[in-house]
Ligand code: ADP
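In structure tokens, the next block holds one chain alone, the form predicted on its own.
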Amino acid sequence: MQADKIWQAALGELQLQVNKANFNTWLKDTRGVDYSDNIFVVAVPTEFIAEWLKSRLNSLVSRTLSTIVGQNVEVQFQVQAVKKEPAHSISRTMPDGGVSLKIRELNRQTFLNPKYTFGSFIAGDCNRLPYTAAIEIADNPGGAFNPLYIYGGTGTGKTHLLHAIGHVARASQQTTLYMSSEQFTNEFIAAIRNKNAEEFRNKFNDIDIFLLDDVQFLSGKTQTQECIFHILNDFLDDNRQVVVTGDRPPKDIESLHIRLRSRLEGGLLADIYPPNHKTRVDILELKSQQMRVAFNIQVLNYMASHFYRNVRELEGALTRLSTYARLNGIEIDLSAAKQVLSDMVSISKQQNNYHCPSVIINTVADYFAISPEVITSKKRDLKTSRARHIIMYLLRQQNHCTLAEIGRLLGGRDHTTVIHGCDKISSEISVDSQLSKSVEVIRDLLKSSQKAQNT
């Protein structure tokens, strides 16, 4: 097996295990150059990066490589020259310290991931509202949804939608800037130190669409929030488009200034949930095609059933299987998939807080102030039916119980009834704010119950 191919496979897995900033800083410009006698040599551009990787990521890299090649591997980081694209490495500045317009635009182009397009985004009930709004904004920026605020958990597709908007906008000659909140903060602090705060703000004047990612990282950063607030005001006053993402609604972000929160809540709030089973299978099929590897439906269903918190989990499982298949020149059947993914499945189960079905039933019953016996009875009033459907949904989404198991737990109901109940909650949760809130409160109650049992 060639060292560079093994290392590319390892980078694919490492990208899912470390945050974006660390990957881009320490791993992106590395190469696999040699693999022999169970020693894997990684070329890095500087001694500083070599020392950092050795002290911070050595065990993770070694473990990842060992998993890929099927035996224990010792990793060594070796300083070698790494060729870079000239356009990205140039840093031409003007006398006042600002970045020249030409180079600034080149740098902006690198901020959009070419893989994150609308064509590669799988829409489903979990993301229908933000997906539709994003398409509308890309076609008509500054129109109906301004600002657009997309919120949801890690790996649910928020950043993907930001980049997709950016690609369409740039194709139509709209000037677009994507920034993470962390990046914005760092540049703003640097501007203050250099006494260029006003120039920093002015650089947004020629932007048509501003895409700001992970706004929750601005919590507690008073000066940065003040700057963001004024920039958003300028955009909205000029009918220029703003799209912001966060991991929760603005009102739930601690230490977010009331003026900024009010601005973010003044447009459309659109939430994204983890994909349901069908959407997960669709995602796996699309990404399999992109990787040019085929898996049968049994294998896809297995992955979709065991990795369900977010898309990154799915990508990690798919990368593991596709790498194993490619390096060993074999087709993966269900038995092989279970073997290759066994450790990842085990970790996923631990992280996803499996709850005893009786605990879910009792928690939902308490929330709706009805008895568990009523829920499993034939009673069909609105409140009882809603509680029963939420239980079906949670048993399917969190515990991944089979339809038959759910039916049996809820008084011997058939699989079509269970499907109807799960689909009803799945389709309504993104448009019914009260239902969404109820489900989230119940999830929090289940987590609290889990923690109490573990103490």
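The structure displayed is predicted, hence computed values, not measured ones. The first residue of the sequence shown is number 1, and the count goes up from there.
Quick note: we don't show the form predicted in complex with this ligand, though the next part is all about it.
Trainee: Going by a heavy atom distance of 4.5 Å, is Lys221 a contact of this ligand in the predicted bound form?
Mentor: Output for Lys221 is no: heavy atoms all beyond 4.5 Å of this ligand.
Trainee: If we define contact as a non-hydrogen atom of the residue within 4.5 angstroms of the partner, is Asn276 a contact of this ligand in the predicted bound form?
Mentor: So Asn276 does not count as contacting this ligand.
Trainee: Answer for Arg248 alone: is it within 4.5 Å of this ligand in the predicted bound form, judged on heavy atom distances?
Mentor: It does not: once this ligand is placed as it appears in the predicted bound form, Arg248 has no heavy atom within 4.5 Å of it.
Trainee: Answer for Thr376 alone: is it within 4.5 Å of this ligand in the predicted bound form, judged on heavy atom distances?
Mentor: It does not: once this ligand is placed as it appears in the predicted bound form, Thr376 has no heavy atom within 4.5 Å of it.
Trainee: With this ligand left out of view, choose which of Ile228, Val75, Met303, Ile283 has a non-hydrogen atom within 4.5 angstroms of it in the predicted bound form.
Mentor: Of Ile228, Val75, Met303, Ile283, the residue with a heavy atom within 4.5 Å of this ligand in the predicted bound form is Ile283.
Trainee: Consider the chain as shown here, without its partner, and state which of Lys338, Arg128, Arg312, Lys383 has a heavy atom within 4.5 Å of this ligand in the predicted bound form.
Mentor: Only one option qualifies, and that one is Arg312.
Trainee: Which among 338-346, 133-141, 295-303, 149-157 is in contact with this ligand in the predicted bound form, heavy atoms within 4.5 angstroms?
Mentor: Contact-bearing stretch, as computed: 149-157.
Trainee: Going by heavy atoms, what in 115-131 lies within 4.5 angstroms of this ligand in the predicted bound form?
Mentor: Going through 115-131 in order - heavy atoms within 4.5 Å of this ligand in the predicted bound form - the hits are Tyr116, Ser120, Phe121, Ile122, Asn127.
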